[in-house]
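Only one chain comes next, encoded as structure tokens, the form predicted alone.
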């Protein structure tokens, strides 16, 4: 249904674009999305939401000036008015020599790479509800201390997007996404904790079972009970895969083109410099089958490609779109509004059961706040975790702060775990970093 609707809108856009004067360049971006979200809580259905979202973005360029306008109404009249708004904005803004559409390496109907991210499934609503009930019930059955729930939720999304511009770029992407999650609460005396687990995938057949998600949510929650404070120390810190994702996300933010040309990043002028230890490799792989970040092209139609971002610890590439590339006298890396699958790898063997290698340290599984300064690299976030002694978890710890500088954190990585988390666009296992200040009770 959605692709047929998108095809009709494409034809309407082509007809309307004939009315645009040749002195203008233009780009249209269309997104159609539909899906369902079901939440059950304590054995009852809490909500069933059907969602549908349509959007059109129009970019008009003339004499190095550009204007943007958008609408959710995809009727011909609304599209026509949106085009006129974008033209008016372009006419009344200041010129910038770096404005412009990509001149080469853009997607067409003949060269679009294949990405296996579209797996539609005709799910029955009763089947979905049953899935959420089972997920939550397995959590309750795990331990009697699990005495409350914030719900189990299943979401399904089906998206279609299209890009079309006056340079000849044309591409369409279809994608699906499935998520099953569970959040539960445990109580033991005066101690009360919550935690969660989730699974997400492009293909429903690859979604983790309700039993596994519910059981893992309960296990993580129970393990948090009895948390204690610790004294401030400098020690090795092991970040769980989920928390490692956030650290590498900070790295990616630091090498975005706009941060670099504005000199708003501590990694400005670092191409060719050692940023990580020499065993760390970071690559972007945009065409992985079922990849959560897979895409054949970026937000301005530039074809995506595999690239080395960090090789043997050395920073090889920033993440640039056409505008930032011109600012930096470089070329687009196909990262306009998009980062695809990021693979964190090691030339050293990844470490199984990495906790067992730590004599005295902290294992971080949750961080709070946003105390990361991309300009300076200063890093300070509230955290929850576990004290490690002689290769074993001793007890949970709370009310702690992790403080360092990203530059030092990257250089002080001493090992990667083999527990790879593939649920986000950043694929990484646990990361062990030496000499981090963990603030606790004085």
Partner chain sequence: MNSIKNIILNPYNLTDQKIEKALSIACSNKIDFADIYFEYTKTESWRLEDGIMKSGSSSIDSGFGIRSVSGDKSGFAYSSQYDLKDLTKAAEMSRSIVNHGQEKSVKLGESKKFKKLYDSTSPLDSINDNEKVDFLKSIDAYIKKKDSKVDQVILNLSGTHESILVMNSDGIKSIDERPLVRFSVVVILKDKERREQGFSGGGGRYMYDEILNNQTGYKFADEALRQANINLNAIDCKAGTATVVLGPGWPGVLLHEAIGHGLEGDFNRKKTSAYTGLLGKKVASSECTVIDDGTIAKRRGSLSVDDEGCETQRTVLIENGILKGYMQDKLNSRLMKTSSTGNGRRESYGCLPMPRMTNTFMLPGKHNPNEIIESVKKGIYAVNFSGGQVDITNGQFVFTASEAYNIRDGKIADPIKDMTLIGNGPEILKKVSMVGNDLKLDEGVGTCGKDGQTVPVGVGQPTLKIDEITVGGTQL
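Source: prediction; values computed, not measured. Positions refer to the first chain, counted from 1.
A second form of this protein, the form predicted in complex with its partner chain, is not displayed here; the remarks below concern that form.
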Heavy atom within 4.5 Å of its partner chain in the model of the complex: which of 111, 246, 308, 93 fits that? Just give me the one.
93
Should the three residues 47, 66 and 370 be counted as contacting its partner chain in the model of the complex, with contact defined as a heavy atom within 4.5 Å for each?
yes
Would residue 41 count as a contact of its partner chain in the model of the complex, using a 4.5 angstroms cut-off between non-hydrogen atoms?
yes
Would you please decide whether residue 134 lies within 4.5 angstroms of its partner chain in the model of the complex, comparing each non-hydrogen atom pair?
no
Non-hydrogen atom contact residue 223 with its partner chain in the model of the complex at 4.5 angstroms:
no
Exercise: residue 62 in contact with its partner chain in the model of the complex, heavy atom 4.5 Å
no
Looking at 236-244, 211-219, 149-157, 352-360, which stretch has residues with any non-hydrogen atom within 4.5 Å of its partner chain in the model of the complex?
149-157
Determine the residues of 307-333 with a heavy atom within 4.5 Å of its partner chain in the model of the complex and present them in sequence order; the list may be empty.
323, 327
